[in-house]
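In structure tokens, one chain follows: the form predicted alone.
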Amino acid sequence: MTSSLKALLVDYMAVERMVVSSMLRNFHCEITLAKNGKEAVDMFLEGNEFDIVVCDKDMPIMTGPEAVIKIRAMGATDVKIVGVSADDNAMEAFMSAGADDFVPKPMRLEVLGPMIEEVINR
């Protein structure tokens, strides 16, 4: 099955971006990378549209939950936003910010995969 799912991957750590990119490529996603929440917000401000956003929590300049709040405030309600973190309190921070889902780090394809499939099958 081929999909042209547009994914925005937001993480300041290059190795994490590589790992998650390989997971997203399994689903034939078109991947855009951002290093922090501000870059992610700027992409939405520039008019880019995404089907799914996979966003880390703790990043310099703007955190994941701060970015989620701003993205949702712009009216981006159709995009699925998945928060990612190893922090114990991260799920609550992301969900209260408006994220749709949360995946603990280290991320596993068995957990992220069904979330991507859900977006593909919408």
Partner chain sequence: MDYSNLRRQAASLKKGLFDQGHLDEQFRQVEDLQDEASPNFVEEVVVVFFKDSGRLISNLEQALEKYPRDFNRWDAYMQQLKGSCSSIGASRMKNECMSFRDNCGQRSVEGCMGSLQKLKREHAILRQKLESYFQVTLEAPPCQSWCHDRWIISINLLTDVCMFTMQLLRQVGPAGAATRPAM
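Residue numbers count along the first chain shown, from 1. Just so it is clear, the structure is predicted and the values come from calculations on it, not from any experiment.
One more form of this protein should be noted, the form predicted together with its partner chain, which is absent from this view; the next part is about it.
The three residues V15, M23 and K105 all sit with a heavy atom within 4.5 Å of its partner chain in the predicted complex. Across the options 92 to 100, 79 to 87, 65 to 73, 38 to 46, residues that bring heavy atoms within 4.5 Å of its partner chain in the predicted complex belong to 79 to 87. For E30, no non-hydrogen atom is located within 4.5 Å of its partner chain in the predicted complex, even though that partner is not displayed.
Contacts between 44 to 72 and its partner chain, taken as any heavy atom within 4.5 Å in the predicted complex, involve D58, P60.
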